[in-house]
Every structure is written in structure tokens, then in C-alpha cells.
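Next up: a single chain in C-alpha cells, the form predicted on its own.
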């Protein structure tokens, strides 16, 4: 019963946050300069036609009426139509979701593969050169803007040495996996890996530094607990103590942060996708901002907000299920 109340509370809080995102994006559209009709027809079009289009879109209604109608349409899944392409906004958003999720998950994998071993080494070798090196790496990673890092990676590894391509996404992950599963030919899968490597590194660097510091602090805290001394007294190998017992207990907060940061990566992929011309939601959002295509801008921002909220709710619920003391607090 307590978990049900906790989940209900989180769902209500999430609904309020989503309503806030919708309201803010609608307010930005209302406050933006320019006439949306100019994106649909030529500015030289007759006033009668322009007024008819404005009436069809509901732009001649008072702002509060437009807001209520927009909320009503969202509740039935109607995000409107793009001013620029005249296509359904929901379809434009959905078709770009796989590319963004691929990049976010790849960045997460890069962060985990690098950060956890580095954090373990740093935590078990305190005040040694390895610890200082990991700390320096964390500071540099957190301080480096991902767009600058992406540009540097392109200039050095793509342009100068030609090791990786500069960007693009010639094949989707699901298509590459299907080809590999049906033909056992890994060509498309390797192509996907080569194209996503640089964007994943650029996006995951900040995440890598964060997880490294979190792993280090967790290892230091766990190594000072009595059970570690007891296992050492029993003569268990140091590697077994370090990875089976200490790291296992350290992973609880790391898993929580991993889930929460996945939503951040989805939102933070905007600049990285632009730098590498990765065809995800971020690139589409930037293009729609340039075109002042407000229905599409709103649809993308709402999806990012909903995704972030849902990920937070899932992570909070799993953490509360595994650790019921969170509910009591």
C-alpha cells in the first residue's frame, strides 16, 4: 500500500511537471515575434487567403482560447501539423526517436565502460598517481563543453587521421542488427559503430567524469566499513573483495544516477547531434527553431520533457521497491 501511494505521488508530480513544460512552450510560442502564416504561404499572398489560413489554424482566437484548445488536442494525442512540411508533428517526432535513443544509449555504454574501472582504480589507490590522474580526468571531462569536444574529435580523428567518419547515420541500429542476424554479415553493424563512436564519446564525456567521481567516492566509503575488514581477515583475495563485495554495494547509487542521467542525455543530445549531423530529435529541433516551426518545436520539447519525467518516475519507483526505507522517509 505504501509503495502504491509513493507511485501515485510520483505520477501526480510528473503530471504537474509535464503540464508546466506544455505551458512554458506554449507561452514561448505566444511571445515569439513574427507571423506563423508567413511560414505557410508567401508574404505577398492576398489578405483574404492569409486571414482564412489564420482562422483555420485558430490563430485569430484569444490566447487563452488557443491554450485551452491546445491542451485539449494534446489529451487526445493531436500535436498539430508542422508549418514547414505540413506533416503530423507526432510522426515527425516519432521517426527521429530511434536515432536519439541510440546516441543516448551509446553514450551511456561509453561512460560505463570507462568510468567504473577508472573509479575503482582511483578509489582503491587513494593519493597515488592513478588517483590523481582519474581526478584530473574527471575535472577535465566535467569542464569540457561537448560541442567543443565534438569539433575537436572531428578535426583530429576524422579529418586529420581519417579513422572515423565526421558524422551522419547511414544505417539504423535495428536494421544493422537484423542484417547481422539474418545474413551473419557484420558490415552494416560495423558501419553503425564507426559513425556513432565520435558522437557517443562527445556526449558521454561529462557523464563519464560524473560516474568516475561517484564510483570513487562510493568505493572509498565502502572500503572503510567493517565488513571489508572482516572479509580481509578471512583471507579472501583482494580482487574478489573489491569487485564482488565493495563494487556491488557501490553500484546502488550509480544505477540510480545512470537512470536519471539517461533523460539528461536525451535532452543534451541536441548540440551533439547538430555537430555530427546525427538525424535525431536534437537536429530536428535546431532546424525547426531556425524555421520558427512552433508546432514542431513544441512537440519535440514536450516529448523530451515527458521522457525525462517517465525515466525519473521509473528510477524512483525501482529504488523505492528495492529500498523501502525511501518511502518511509
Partner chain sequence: MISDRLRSSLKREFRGSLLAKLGLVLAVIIVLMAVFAPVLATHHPGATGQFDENGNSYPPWGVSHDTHMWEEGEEGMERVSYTIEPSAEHYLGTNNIGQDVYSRVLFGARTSLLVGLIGTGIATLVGVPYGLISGYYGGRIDDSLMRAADVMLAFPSLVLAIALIGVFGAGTQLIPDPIVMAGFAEGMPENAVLPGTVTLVVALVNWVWFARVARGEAISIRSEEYVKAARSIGASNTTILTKHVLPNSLTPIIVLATIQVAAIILLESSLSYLGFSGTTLSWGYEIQQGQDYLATAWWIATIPGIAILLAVVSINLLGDWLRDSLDPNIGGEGGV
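None of these values were measured; they are calculated from a predicted model. Positions refer to the first chain, counted from 1.
We do not show the form predicted in complex with its partner chain, though everything after this point is about it.
- Listed stretches are 148-156, 91-99, 107-115, 121-129; the contact stretch with its partner chain in the predicted bound form is 148-156, by a heavy atom cutoff of 4.5 Å.
- At the 4.5 Å threshold, heavy atoms of residue 182 stay clear of its partner chain in the predicted bound form, well away from it.
- Contact annotation: residue 143 falls within 4.5 Å of its partner chain in the predicted bound form, judged by heavy atom distances.
- In the predicted bound form, its partner chain stays beyond 4.5 Å of every heavy atom belonging to residue 173.
- In the predicted bound form, its partner chain sits beyond 4.5 Å of every heavy atom of residue 60.
- In the predicted bound form, no residue of 77-94 lies within 4.5 Å of its partner chain by any heavy atom.
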